[in-house]
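Next up is one chain by itself, shown in structure tokens, the form predicted on its own.
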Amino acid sequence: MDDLKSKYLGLIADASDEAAIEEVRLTALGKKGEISLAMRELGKMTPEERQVAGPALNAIKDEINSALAAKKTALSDAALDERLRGEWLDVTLPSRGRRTGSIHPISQVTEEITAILADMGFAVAEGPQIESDWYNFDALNIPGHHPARAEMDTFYTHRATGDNRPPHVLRTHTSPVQIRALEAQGAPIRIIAPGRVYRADYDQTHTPMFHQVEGLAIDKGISMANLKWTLEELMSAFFGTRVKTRFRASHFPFTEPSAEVDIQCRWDNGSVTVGEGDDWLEVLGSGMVHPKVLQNAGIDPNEWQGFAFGMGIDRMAMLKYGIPDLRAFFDSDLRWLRHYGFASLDVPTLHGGLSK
């Protein structure tokens, strides 16, 4: 027994890797290992012999198992020490720079406008981008002969042959959201509706898909004076300087009276500075909500009235941040986004600043 124990303890001590350790284990303790075979011989012994040989074999088996485990641990520790010597790291070195993502100017400006108008009590409303003729045109008092309803200006969805349902369109403005909000909430109401809109146009200042934000306020006693104050406060907060506005009479089917809104600016060598100078720049359309629009939304125009306005988010971003071409907004150019993008953690707020 002593020779058997010395033999395997010596083999374990001489093993240089885990493969050699496993080979020793199989030779000694495997199904056909020497110690396993010796333990099978116990059945052929007399009771007196088994009382002597059994405990001795079990003691040898336990000692070999302990030696195998200790050797494995020693080899593992030695391998780790060797790896640490070869893969050391100087923790005093400065960390590697990691690129962080940036916020697209459209998302930034949307959040800026939302923060300003939220401070005035406007809530955000949303609606579907595929609309029926009713919500996109009829409910907004847009007649059937209006140019906006022509297929050259509006994207209509295809219908199967024999389908007599009214046509659907990719919404041309976010005004349908106002109708849906009025139907769902009634009056009084104060909302803005930012989102994607679609028109068949493409050049330096127009794209087939762009972004709008429209505002709606319905209550008793609301007038054009409230509209003008709201827009002047919006523009002043947005551009970070006091901005004067000028209303020019216009016509929109869904407002009466209607007005184009200009902001004070100065042109200098092709660049524009907002809030100073003697020039004017048109930025949005507005007006008092047409009584027929209120009726179509289930609101009594004899009791309620209000104003609405709408502007292009993309154009406001171009104007504020000096972006020359609208088409670059949708080119997915990372170099452009790194140049014009915004830090992802700088959330626009009135008290903390709209942009960094």
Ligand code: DAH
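In case it trips you up, residue 1 is the first one in the sequence shown, and so on. Every value quoted in this text rests on a predicted model; they were computed, and no experiment measured them.
Not on display, but discussed next: the form predicted in complex with this ligand.
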*254, 137, 122, 238: which sits within 4.5 Å of this ligand in the model of the complex by any heavy atom?*
254
*Taking heavy atoms only, is residue 285 within 4.5 angstroms of this ligand in the model of the complex?*
yes
*Tell me, yes or no, whether residue 212 is in contact with this ligand in the model of the complex, where a contact means a heavy atom of each within 4.5 Å.*
yes
*Even though this ligand is not shown here, does residue 266 get within 4.5 Å of it in the model of the complex, heavy atoms only?*
no
_Close approach of residue 199 to this ligand in the model of the complex, 4.5 Å, heavy atom_ = yes
*Options 286 to 294, 38 to 46, 320 to 328, 59 to 67; stretch whose heavy atom lies within 4.5 Å of this ligand in the model of the complex*: 286 to 294
_Residues of 296 to 311 having any heavy atom within 4.5 Å of this ligand in the model of the complex, listed in sequence order_ = 308, 309, 310
